[in-house]
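First, one chain by itself: the form predicted on its own, in structure tokens.
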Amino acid sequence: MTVEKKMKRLLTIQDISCVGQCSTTVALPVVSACGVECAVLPPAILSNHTGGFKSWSFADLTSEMGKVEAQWVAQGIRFDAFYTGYVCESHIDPILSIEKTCAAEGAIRIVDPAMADNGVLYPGFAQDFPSKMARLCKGADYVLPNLTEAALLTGREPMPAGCGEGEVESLVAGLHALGAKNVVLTGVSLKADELGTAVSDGKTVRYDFNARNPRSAHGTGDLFASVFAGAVLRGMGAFEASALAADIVCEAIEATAVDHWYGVSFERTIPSIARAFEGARA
């Protein structure tokens, strides 16, 4: 086998939840399955994620981030993309620094502002945290919020999942006003039996929908963002990458046992992800 082109290298910065099929434990295998080298920097380690579990441990690794950055700078290690997910306020300044000092020429920034859903912030986040997360979104090439996160980032009250097209596009415009170059808004529903995304480059908003699955599952946003990030690094446009990511999420939900409540069995979709890039150059 002849390798025709060097693989792109992506750095994902988000927590490791040791149990829970989310964040880094999703990003690393999924981005890798896309044919992209995936480096990781966990700014925190949790025993398990905070959704549905009764308690969790939290080890903050903020103090290590600068040390890691110094080693990368000294060794000339650079990244073609940065993909951030669940992070805390103390992690934001180190992330912004790494994105400057360790960026390859033309590096892109993908932000999944994982902090809220169903109208409320995740446990542990202060009410002013969205304004902190907005700093990561400023100037990002792609921002991937759900409806709740988009509302909080733009200083609005969270909207219901069934909000209209005008309300969706107002949210998208607000995210562009924050400095996001491309917006992929998830959890959009213009019809009761459909759920999907609104994808905007600042000029045009395009919609993509799948049949609504009545099941609600943790970790689907992380799976969506990871497939999207890998697909973009493999040359897909935002709309095509978003559509692929949504299809993979639907497949993962269908592949998950009914009593498997803390995540989705994304592992069963790895072959589908790999097949999507068969024959494509890195």
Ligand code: PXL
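Each residue number is its position in the shown sequence, starting from 1. The shown structure was predicted, so the numbers you read here are calculated from the model rather than taken from an experiment.
Below, we refer to the form predicted together with this ligand, which is not included among the displayed structures.
Student: Counting only non-hydrogen atoms, which stretch in 60-68, 232-240, 44-52, 31-39 is within 4.5 Å of this ligand in the model of the complex?
Tutor: Result of the contact check: 44-52.
Student: Residue 142: heavy atom within 4.5 Å of this ligand in the model of the complex?
Tutor: Because no heavy atom of residue 142 falls inside 4.5 Å of this ligand in the model of the complex, the answer is no.
Student: Using the partner position in the model of the complex, report whether residue 122 sits within 4.5 Å of this ligand, counting heavy atoms only.
Tutor: Yes - in the model of the complex, heavy atoms of residue 122 and this ligand come within 4.5 Å of each other.
Student: Should residue 86 be classed as touching this ligand in the model of the complex when contacts are defined as heavy atoms within 4.5 Å?
Tutor: Judged by the heavy-atom cut-off of 4.5 Å, residue 86 is in contact with this ligand in the model of the complex.
Student: Report whether the minimum heavy atom distance between residue 12 and this ligand in the model of the complex is within 4.5 Å.
Tutor: No, residue 12 is distant from the partner.
Student: Quick one: which residues from 10-47 get a non-hydrogen atom within 4.5 Å of this ligand in the model of the complex?
Tutor: Contacting residues: 15, 17, 22, 23, 46.
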